[in-house]
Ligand SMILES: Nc1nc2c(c(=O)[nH]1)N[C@H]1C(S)=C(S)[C@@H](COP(=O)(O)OP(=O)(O)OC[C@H]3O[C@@H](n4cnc5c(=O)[nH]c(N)nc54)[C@H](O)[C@@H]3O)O[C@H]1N2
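What follows is a single chain, given as structure tokens, in the form predicted on its own.
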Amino acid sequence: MDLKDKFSELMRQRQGRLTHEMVLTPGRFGLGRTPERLQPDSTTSMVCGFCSTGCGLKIHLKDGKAVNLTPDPEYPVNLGMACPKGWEALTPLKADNRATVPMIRGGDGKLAPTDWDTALRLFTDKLKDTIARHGKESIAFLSTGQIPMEELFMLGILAKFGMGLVHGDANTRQCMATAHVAYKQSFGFDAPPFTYKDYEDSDVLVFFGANPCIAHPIMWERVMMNPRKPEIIVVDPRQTETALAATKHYPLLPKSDLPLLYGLAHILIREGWIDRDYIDAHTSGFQAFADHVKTYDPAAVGKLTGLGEARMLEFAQSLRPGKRVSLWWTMGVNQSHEGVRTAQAIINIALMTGNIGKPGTGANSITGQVNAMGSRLFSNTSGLPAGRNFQDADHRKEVADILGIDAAIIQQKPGLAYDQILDGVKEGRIKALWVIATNPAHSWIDQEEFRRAAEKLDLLVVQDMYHDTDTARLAHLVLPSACWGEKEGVVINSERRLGLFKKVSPAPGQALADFYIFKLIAKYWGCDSLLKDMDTPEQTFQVMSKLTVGRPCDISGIRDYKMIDEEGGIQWPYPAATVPAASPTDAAPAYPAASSAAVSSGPVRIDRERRLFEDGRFYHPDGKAKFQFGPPQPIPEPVTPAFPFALLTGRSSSAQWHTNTRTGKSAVLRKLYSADSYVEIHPEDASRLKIASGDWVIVRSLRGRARARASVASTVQPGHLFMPMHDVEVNRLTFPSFDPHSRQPSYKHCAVNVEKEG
């Protein structure tokens, strides 16, 4: 029986299978069935597939099909709560535009259905021919933080080790690259230190560029559960929903947060409001940092930020010792031309005041996508699995030995970042692009530039659950994939908690989980021996677990999926057994133990809520955190007389998610956000331009134009506009600047003008 016949047999076997089983028989092509056989009429639990909060949901089945859901009251993340997206999580599975068969663009320019064998032979033949003619650096892939980490891991092995590709990145670059680099440089590893219980244990919570009321509603509910009557401070140019609910709002000028933080550090040091004992025992580089901030006089910084000196002093008073202070940031910081240094300035405030490793404290990055942290640790894009370095020969050998492969096939350099890959497409160096579960034709900064670049590709492959996303409409080949609820795997939320996806519904038509698409591609490519010990997602998880042994993210104590399920998720690290940290007289280990909870002579039994750095040990060889800093950089695109407004972007509703491809399928969610694109404009500006609420206006930048309805509101300052990031028009305007350390795009500021239509 040849390969095509084997595949046809698999697809025949797929028909009529019970919805609670894997659709493909075990063993054949390495496609197995789920470890849990759900009863046709039962309830099971799993984590939500939208944002990084990682809420637990109870899925109710009838006749073997998921028919409803409720929040899980026992899950330690959401404690029985759910946001609008969570309540509607099943709806996107039933959309009528699901990708159900592979599709190839024909000579008439239209996508037409085909079979899997034809699609995969086209994929393999075209890409191998491209490599033969242009080399392995002529192909790249773009993946996502929306799929489980087993799929990301398998993609990395397939693409980097099997196909020999050099360049691949994830859309995690758009949300979490800044936090990744900031933590790695400051702590020695990408290690968000907090647990959600810290929301409830703080005396002071400071949110920088974060709007959890809208972006992370369940996290905000945890803030509201705080019994300590906390002071809540919001630092944001716009009067967001969170700012309206806060104790204090500091409406600084856009992109002045780095000088603000240096000015606050100046005051804290000058007044002696720092924890000198903690600084001396657990950090390095403080004196150089103190010298750096000496020039950030609060009077000058107050003028630069628009806050004034008095408010600077007021702010610093809230951070002085004696209180539990937690500092939180998200995309308002990450998506910046100097996001890494800004995030590290927040970390520095926590370090110098001793607000880390204790209840209600921390410098805490709120993650974006459901599995952005899994992507950061295991996607094999910017680094080898479990935070290893491509350029480290020992790291390459460790990975090779555990996987049982030749270390020579592991490349010795990291590939290009997302923006650099697209530059390669524009310049003709990258001829083929494989896009998995992401929609850059909508979400990428300076959207029209991406679309123009895509036209130059010899082959654009899009692997997605919908056949008509903005990016799929440009594709030469579409591979239909299953989504959340139709496959299994593990994701990691903002607080480092591993949670479980389960298969509770059949994928439509011939759609397959990305895991099995990657397995099939490996078979057609001829490199499936690399995946010999990874026939199912759970087997793959066990391989990944081996790769974490001795690493800061050690999860070798997690036996199986059942354990994750029964524990209500498990925060890393969770080692099977660890060696006590070296004494100061011993040679410093590569990664000293960073938490007393992780030091044990036997198996570790942990609490459901756990934070890092309780013992003041960090992941640098000396066990200390480093003060990192640098001079603020000018705004890449300042306003001008021709473009006098600063355009801000962000979330506008808890009912929308990213490019709205999934949340837009719910009639309920569509009622909870504006049907039209809109732009917020201050009343003074609206009066001057004779614009009233509800008027259609045109917003222009040097890159494009967007049509939107005016919303006249004092939520924005004079000279500022705000547009929701979900609307497709917005990224026709945004300016493509990038943080030099993280290569993360700066979505939050560009120069525009606005006028009434007609």
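It should be emphasised that the depicted structure is a prediction, and the values quoted were computed from it without experimental measurement. Heads up: residue numbers just count along the shown sequence, starting at 1.
What follows is about the form predicted in complex with this ligand, which we do not show.
Of Trp657, Phe161, Tyr278, Phe627, which one comes within 4.5 Å of this ligand in the model of the complex, counting heavy atoms only?
Of Trp657, Phe161, Tyr278, Phe627, the residue with a heavy atom within 4.5 Å of this ligand in the model of the complex is Trp657.
Quick one: from Gln174, Gln344, Asn380, Ser326, grab the residue that has a heavy atom within 4.5 Å of this ligand in the model of the complex.
When this ligand is considered in the model of the complex, the option within 4.5 Å is Gln174.
Non-hydrogen atom contact Met725 with this ligand in the model of the complex at 4.5 angstroms
Met725 belongs to the contact set for this ligand.
Looking in the model of the complex, any heavy atom of Asp236 within 4.5 Å of this ligand?
Heavy-atom contact with this ligand at 4.5 Å: present for Asp236.
Phe194 within 4.5 Å of this ligand in the model of the complex, heavy atoms
Phe194 lies outside the contact set for this ligand.
Spell out, yes or no, whether the shortest heavy atom distance between Gly650 and this ligand in the model of the complex is within 4.5 Å.
Gly650: yes, in contact with this ligand in the model of the complex.
Please identify, from 438-446, 637-645, 391-399, 525-533, the stretch that has a heavy atom within 4.5 Å of this ligand in the model of the complex.
That would be stretch 438-446.
In sequence order, which positions of 330-365 have a non-hydrogen atom within 4.5 Å of this ligand in the model of the complex?
In sequence order, Thr330, Met331, Gly332, Gln335 come within 4.5 Å of the partner.
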